[in-house]
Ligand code: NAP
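Single chain ahead, by itself, as structure tokens, in the form predicted alone.
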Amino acid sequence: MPVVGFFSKNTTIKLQNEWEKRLRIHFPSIKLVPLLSKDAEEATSALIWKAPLKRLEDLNNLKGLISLGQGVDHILKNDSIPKKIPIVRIVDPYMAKSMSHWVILSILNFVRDTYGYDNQEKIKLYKSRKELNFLSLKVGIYGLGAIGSVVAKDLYNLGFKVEGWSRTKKEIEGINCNYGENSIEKLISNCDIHVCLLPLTPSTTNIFNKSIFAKMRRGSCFINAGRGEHVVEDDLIENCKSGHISNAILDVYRNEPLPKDHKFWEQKNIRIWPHVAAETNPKTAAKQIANAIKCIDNGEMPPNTVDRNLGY
């Protein structure tokens, strides 16, 4: 019976039981135990999200780590994890579609001025507002991986002009795909809506800063569902205050939960979401995680194993 250490920050035993139930459909002998329990010292793999990584040093039987989400930056920040231990991420079409729905929702709220109508409703004002012509807008997608490529295609199919940027070359029908460090400037200056879906790596940390925001068109909309560390928060606030960024829709932050005294709450053109744009679904992700656990136990390299040099 493979023992799997389980940890997901700010959750209860109920979630662990749900995962065990789903995983056993594909791997009946799996046993999930709390990562911090004595039982976890028998674990050959660990299924984790923002876990206390120091605990992993006590697991002498550990052969592999599986992230409970698409991102693995919460694991890679610990340099002490031996290179021989594979780190696996989830690549789930359900999550990709969920993210696409959230990005589309955010963009349509911006284009149709939903927030303006919400304010009018509160004062019983029955009046049309200016609607942006979506045909004249260009959307830039930063990160064209398993999620970003789906978002880009869905926006294109809705009639938006879409460009993308990624570290390596991508080919997506209907999408102008830019790649490499030198080409990101093109999206920054040419797009009206900027959507960050990048993985967090040393090269993407603080990528959206004062210099980059200054190169965006005045009145741009900025959407971040990547990681909070992609953004220099004070620089974003400054550009939102001046109106250079007309709207910012955020789902991720440097500190989560977002502190109640954070300046983001006070800025009227910044919209706050609590990191829910694309949550992991045990029902749809269980099969690939069960397979990863099987591979780890058999000494095989699981699908979606992270390249530590790239950070994803």
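Keep in mind that this is a model prediction, so the values were computed, not measured. Residues carry their position along the shown sequence, with the first being 1.
The same protein also exists as the form predicted in complex with the ligand; that form is not shown, yet it is the one meant from here on.
Against the ligand in the model of the complex, the set Met95, Gly145 and Arg227 is in full contact: each member has a heavy atom within 4.5 Å. Note that among 107 to 115, 237 to 245, 191 to 199, 129 to 137, the stretch whose heavy atoms approach the ligand to within 4.5 Å in the model of the complex is 191 to 199.
In the model of the complex, His275 approaches the ligand with a heavy atom inside 4.5 Å. In the model of the complex, Lys161 stays away from the ligand, with no heavy atom inside 4.5 Å.
Shown alone here, Ser220 lies farther than 4.5 Å from the ligand in the model of the complex, counting heavy atoms only. Although the partner is absent from this view, Met99 contacts the ligand in the model of the complex, with a non-hydrogen atom inside 4.5 angstroms.
Along 230 to 258, a non-hydrogen atom within 4.5 Å of the ligand in the model of the complex is carried by Asp251, Val252, in order along the sequence.
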